[in-house]
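There is one chain below, alone, in structure tokens, taken in the form predicted alone.
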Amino acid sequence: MALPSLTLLGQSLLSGLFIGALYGLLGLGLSLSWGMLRQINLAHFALAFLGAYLTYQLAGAGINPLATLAVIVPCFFALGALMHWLLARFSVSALVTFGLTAIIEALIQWIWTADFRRMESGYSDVKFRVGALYVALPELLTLAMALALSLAVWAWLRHTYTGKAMRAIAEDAPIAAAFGVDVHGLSLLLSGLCAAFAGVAGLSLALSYTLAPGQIYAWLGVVFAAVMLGGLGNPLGPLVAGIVIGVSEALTMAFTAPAWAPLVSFSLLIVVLLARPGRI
């Protein structure tokens, strides 16, 4: 087996870093809702793809892709809060959110069909050269958004009254309510934010990838692995774990074959669970 060149290794590391940032961005909302609200929202991935298709549609109408967030983020925030209210009101299980995923997938197919869609924008043609390596602007934007949101949520949870109240709810909601914390209101707030984060992740998907409704399920496994490896309710965990997985997958493809890459995330997850079975 021939060893890859240094240029290929360097480009693989960069690619792994950027795809890992997307894993972390996709997993941010899921980690918070699962870890702090004890709500496994499988529809989170479908929301991200709905956000991607809405970005594609609005950009096709002449709106700057980044400017579409001004529409998508508040709409998704309201949608996330509504979904949480319905789930809490009727005490439904995570399987219902899988049903919501199927409904959103069907809605996407009805509006945009099952054909592959690719968003055309000025961002996709911009590349920066660093020595012998190339960096695409959409990937840099994804990394910047993942870092900014993860750090902002981390700071919010630790240095604001609302964030500390959210952490109290995650620890013991009845006791937090007894001390005057608005459990219902803050839960709606966090659920709205998680859905808004899915919308932001959808922008990154639209900037870098060709879209198809069936791809919703292709991201489930690796993002779940990033969330569980990073720790539930930890805003920085999915980003760090996602980058580790992304870099590991990229190096695996550089040294062996692309078919081996999907084994990396689940192998890492199995190792962590065997070493620390109480992590999840």
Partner chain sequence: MFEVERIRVSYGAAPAISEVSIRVGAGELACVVGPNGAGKTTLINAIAGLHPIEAGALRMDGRDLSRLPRHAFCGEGIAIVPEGRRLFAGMSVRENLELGSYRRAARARRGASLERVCDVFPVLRERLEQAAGTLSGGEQQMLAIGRALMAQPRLLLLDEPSLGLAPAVVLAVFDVIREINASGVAVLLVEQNAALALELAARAYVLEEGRIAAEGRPAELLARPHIRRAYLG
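Treat the numbers as computed from the prediction; the structure is a model and nothing was measured. Positions refer to the first chain, counted from 1.
Omitted here: the form predicted in complex with its partner chain. The next part is about that form.
Comment: its partner chain is not present in this chain, but in the predicted complex one of V181, L87, L188, M145 has a heavy atom within 4.5 Å of it, namely V181.
Here is the short version: of V73, A165, L100, V135, the single residue with a heavy atom within 4.5 Å of its partner chain in the predicted complex is A165.
Note that among 78 to 86, 206 to 214, 154 to 162, 120 to 128, the stretch whose heavy atoms approach its partner chain to within 4.5 Å in the predicted complex is 154 to 162. Proximity of I104 to its partner chain in the predicted complex: non-hydrogen atoms within 4.5 Å are absent; the residue sits far from the partner. For I111, no non-hydrogen atom is located within 4.5 Å of its partner chain in the predicted complex, even though that partner is not displayed. Taking the partner from elsewhere, A176 is found to have a heavy atom lying within 4.5 Å of its partner chain in the predicted complex. Residues from 222 to 249 do not approach its partner chain in the predicted complex: none has a non-hydrogen atom within 4.5 Å of it.
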